[in-house]
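Single chain ahead, written as structure tokens, the form predicted on its own.
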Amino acid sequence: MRIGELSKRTGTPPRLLRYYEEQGLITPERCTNGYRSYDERLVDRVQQIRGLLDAGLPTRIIKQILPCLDKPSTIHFPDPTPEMLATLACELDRMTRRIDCLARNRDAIAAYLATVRGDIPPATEQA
């Protein structure tokens, strides 16, 4: 697929896709006419990269951990730096806190919607 289609399917501007390529996060093939050709699997890869960036990971760390996300049981880092391990541990903690906050917010919104709509929770129906 061409860059425009990948952009449309992932919601990622073409300029950002080129940046990912410059950073070594994605590797499109080149056609004989010089155009980039993106494999179908890069749709998921770009979405994964965007999620990791949204979580606050820098591209240099993302580049190192992407192979592990493909095959976590078989790929490892031969020489992980203390900085990388510390960064990943901090990011894991931050993501966990964010997930907890999102879950609380989801539950609060669900309760609000149920109240506003007049939904009766199943436990209340039996009483």
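Heads up, when I say rigid core I mean the largest set of C-alphas that superpose within 1.5 Å between the two forms. Sequential numbering from 1, following the sequence displayed. Keep in mind that what you see is a predicted model, and the values were worked out from it rather than measured.
One more form of this protein should be noted, the form predicted in complex with the DNA, which is absent from this view; the next part is about it.
Trainee: Quick one: of 59, 87, 47, 27, which gets a non-hydrogen atom within 4.5 angstroms of the DNA in the predicted complex?
Mentor: Checking each option against the DNA in the predicted complex, the one that comes within 4.5 Å is 59.
Trainee: Quick one: does residue 114 come within 4.5 Å of the DNA in the predicted complex, counting heavy atoms only?
Mentor: No, residue 114 sits far enough from the DNA in the predicted complex that none of its heavy atoms falls within 4.5 Å.
Trainee: Is residue 9 a contact residue for the DNA in the predicted complex, using a 4.5 Å heavy atom cut-off?
Mentor: So residue 9 does not count as contacting the DNA.
Trainee: Would you please decide whether residue 53 lies within 4.5 angstroms of the DNA in the predicted complex, comparing each non-hydrogen atom pair?
Mentor: Answer yes; at least one heavy atom of residue 53 falls within 4.5 Å of the DNA in the predicted complex.
Trainee: Using a 4.5 angstroms cut-off on non-hydrogen atoms, would residue 82 count as touching the DNA in the predicted complex?
Mentor: Heavy-atom contact with the DNA at 4.5 Å: absent for residue 82.
Trainee: Give, in sequence order, every residue of 1-19 that has a heavy atom within 4.5 Å of the DNA in the predicted complex, or say none if there are no such residues.
Mentor: Contacts from 1-19: 2, 3, 4, 5, 8, 13, 15, 16, 18, 19.
Trainee: Any CA movement of 2 Å or more for residue 94 between the shown form and the other one, core superposed?
Mentor: Yes: residue 94 shifts by at least 2 Å between the shown form and the other one.
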